[in-house]
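Only one chain is given next, in structure tokens, and it is the form predicted alone.
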């Protein structure tokens, strides 16, 4: 039975609802709707001019309506008179096929038709920085190897604990928080869930982290590489596939190498097969390629891949199989769209199952020290343009995730790349002025 948002508001003391959708660039767009108007909004949706956000629409298009999915409603733990609710984009009574949440829901349904239920967990890293974005917020966080630094995490206890308390209140089952590998960087983990639920939580998590940081006079950034020389923000995804009831792990087989079933291996094969194209979605910004192609950081490792390889419990590869029945994709970064991350994983994985894709040989080496010895594995794209070209050339992946979405995404992302290329930089002056 669908939750009645008007009744929810009355019961919880909600004054306003944020009806929120995520555009192609991961921007979160919302309208603040008084509780007195939510009944009509629940039925018809909140109206937006789609062209005003990052969707491939024009000013001449009719209204885009964001129809709230009442099952996602969250009373803001830090502002109890407001509730957030994820929405699906509709135009002329039809789903907007390029809208990221619509894309993901279609792929979840496709997996279900094949008797599969994809479950994932994400690890979105972020920096706590000054309000103006110029430096990390903790002037004493200067260790060469700051990962798991006890003093540093406690100096930001008020922020981290407040966010974790809210996740506990929401029933997300958070289980650990830590200072990450870069100065000023943190990671917070909660329990894995069905792909759509993970995407909704990931979307809300980013909103929550930024809001709590601002409350404390700070700024949180998920930018892939905000500081030269420091480890970038990853968003590793842990992936498993279950039967439709979610009780039997279809990836698990104790008799197979790494505890990964034959079906799980073909799903992994799809990820490996489409990896270069995958990067256009998992690493969606110009800055993303400063992370996956970074030189050695001050801590000694980038903790990000640059080659299409997989392994067992070894964090120097693109895919790690840490235990039976699941694997970790280490490619995505903090700028990844929460809905498109899950969608592209399912699209590539299902294609792998259907085509019986072989992931190829695994490597046990330290890729940071011995990666130059690997001659038969492709390098990941060097920049966003290379990734977009790889995605455009991958007809199977484009079709799997949706032709309308793919066309819109490629169009807007090529515009972004062209805008970057037309930007005049100080580096150009420094390198060329006296030529």
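Numbering follows the first chain given and starts at 1. As the structure is a computational prediction, the values presented were derived from the model and not from experiment.
What follows is about the form predicted together with a small molecule, which we do not show.
Segments offered: 314-322, 340-348, 254-262, 291-299. Contacting the small molecule in the predicted complex at heavy atom distances within 4.5 Å is 314-322. Of the candidates 196, 239, 308, 87, 239 is the one whose heavy atoms come within 4.5 Å of the small molecule in the predicted complex; the others do not. Checked against the small molecule in the predicted complex, the candidates 227, 207, 363, 192 yield a single residue with a heavy atom inside 4.5 Å, and that residue is 192. Mapping the unseen interface onto this chain, residue 77 falls outside it, with no heavy atom inside 4.5 Å of the small molecule in the predicted complex. Residue contact check for residue 123: one or more of its heavy atoms lie within 4.5 Å of the small molecule in the predicted complex. Within 4.5 Å of any heavy atom of the small molecule in the predicted complex lies no heavy atom of residue 105. Of the heavy atoms in residue 175, some are within 4.5 Å of the small molecule in the predicted complex.
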